[in-house]
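This document starts with one chain, in the form predicted on its own, laid out as structure tokens.
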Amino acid sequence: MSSPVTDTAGAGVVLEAIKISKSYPGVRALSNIDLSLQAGRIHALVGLNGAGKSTLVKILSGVERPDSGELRVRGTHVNFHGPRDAVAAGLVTIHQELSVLPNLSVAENVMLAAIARSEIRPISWTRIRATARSVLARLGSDLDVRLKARDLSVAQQQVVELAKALQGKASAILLDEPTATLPQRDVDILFTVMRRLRSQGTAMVYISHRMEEIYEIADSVSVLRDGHLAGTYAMADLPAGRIVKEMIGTTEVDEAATQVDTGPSQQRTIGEPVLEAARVGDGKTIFDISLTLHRGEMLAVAGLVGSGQGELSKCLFGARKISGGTLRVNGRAIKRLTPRRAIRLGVGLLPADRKYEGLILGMSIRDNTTLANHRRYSRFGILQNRDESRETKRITSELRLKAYSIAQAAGTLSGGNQQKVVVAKWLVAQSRILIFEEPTRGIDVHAKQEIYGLIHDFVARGGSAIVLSSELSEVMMCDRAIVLAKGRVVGELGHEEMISDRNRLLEMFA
């Protein structure tokens, strides 16, 4: 069995993060995180949604500043005031959303910084193209430097990003989920380039939810869990499934099992089918998925991020086109489901990204709460603010929302209270089927328990819930679970099976 890795400062250590902590209103995102990145090594960073990966990347790339802790580059203390400071120190971040300029050529993108510095002097385009070719050759690429970036594949654009980083003398590159949208052949191209960079001494942080890629490309891995460092390990001889177990955590599993055994799910009566999907797919990410949700039931759709839960949730809500299969709501076949029709059928979606898909942050709590049911509060096409306010006060009091006023902007609330506003919106819309996608992502432990209580209360009153989650605790509190991997159902377990055979569930996750 693999043992934890402890890197120490010294020759070859490019970047060190020492006791890094960061908090936001209502949530502690990072707590005393240590990370050491060595030259010529690929270090993976993994964790469930809300584990703190994005926050750590923002700190390393200069977008955010830590509340406490220290960053060192080649042993020297650094204090980044913005992304430019990080780049100047040799740390370049390549985000999932690439920053290539589509209307510029490959050469212009690679040499952008040099061109900017040459604004006073005449530019030698012959030299610019020759240098760009030389940098690309270091990556094993023979891209035509005269091509426009918009004409490249995503993998080729990533190569251009890496070449730009090399031209900027980057000693460490942070790749944030670079393969999330890539087909396998493009993943192979990217990995070939990464291996070449590693052989040339470049240090890399690699973030991905795809476990098979971590085992293939990384030399070591750090696992984050709920803002803490669960462990750092050498990849050599690391047992299959160990990373997933570290991401989930056995303590959390035990607590969840105890919670479910004594929870209200044991007293509920499961009724007739209210939502049925038969061989549903979108032709791109999810395929042949069948499930049945009953009245008064909590059904989990489990799996690691990237296995298809997000796409499935949007298909069931009508926000993503279904290419095959059939849907029935309350026994009625639905041929063309749209979000508006789903709402009228009593279906509500709480997306994983509540800030940008579930709420309008600049609008008030009241306006967000009544957003999905304006018809109820309008007369002759005019909204009745008094009726809206009365209903908002009633529902937010019932949900124990913490705010100084219903006029408060949703964007100023903590994560847990923002999620309560999304729940309130669908309760006001009189939804009887709620689809929760990663329902407690990015909120603190106390707020998690409150959200779980809201879900339990909803189904206890005859509602039905689908909980799409990568957290084992959320899966195990449900009556039943189907498990997704690579867009397909790979297993189904009842509640008692999940409690009695947790290892089997873990194996399905992995």
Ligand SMILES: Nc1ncnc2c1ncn2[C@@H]1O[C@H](COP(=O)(O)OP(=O)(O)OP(=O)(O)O)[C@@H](O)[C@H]1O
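Residue indices: 1-based, along the sequence shown. Note that the structure is predicted; figures quoted are calculated from it, not measured. Under this definition, the rigid core comprises the largest set of C-alpha atoms superposing within 1.5 Å between the forms.
This next part talks about the form predicted in complex with this ligand, which is not shown.
Contact check for His209: a non-hydrogen atom falls within 4.5 Å of this ligand in the predicted bound form. The closest heavy atom approach of Val27 to this ligand in the predicted bound form falls within 4.5 Å.
Residue contact with this ligand in the predicted bound form: Asn417 places a heavy atom within 4.5 Å of it.
Contact annotation for Ile433: none of its heavy atoms lies within 4.5 Å of this ligand in the predicted bound form. Screening 80 to 88, 184 to 192, 126 to 134, 404 to 412 for residues having heavy atoms within 4.5 Å of this ligand in the predicted bound form returns a single hit, 404 to 412. Contact with this ligand in the predicted bound form, defined as a heavy atom within 4.5 Å, holds for exactly one of Ser36, Thr55, Ser61, Ser473, namely Thr55. Though this ligand is absent from this view, in the predicted bound form it lies within 4.5 Å of a heavy atom of just one residue from Glu276, Glu388, Glu177, Glu311, which is Glu177.
Superposed on the core, the two forms differ at Ile365: its CA moves 2 Å or more between this form and the one not shown. In a rigid-core overlay of the protein, Lys355 has its C-alpha displaced by at least 2 Å between this form and the one not shown. For Arg127, the Cα coordinates differ by under 2 angstroms between this form and the one not shown after the core has been superposed. Figure legend: C-alpha atoms of Gln418 and Leu229, shown here, are separated by at least 3 angstroms less in the predicted bound form. Here's the thing about Gly227 and Asn417: their CA atoms end up at least 3 Å closer in the predicted bound form than they are in this form.
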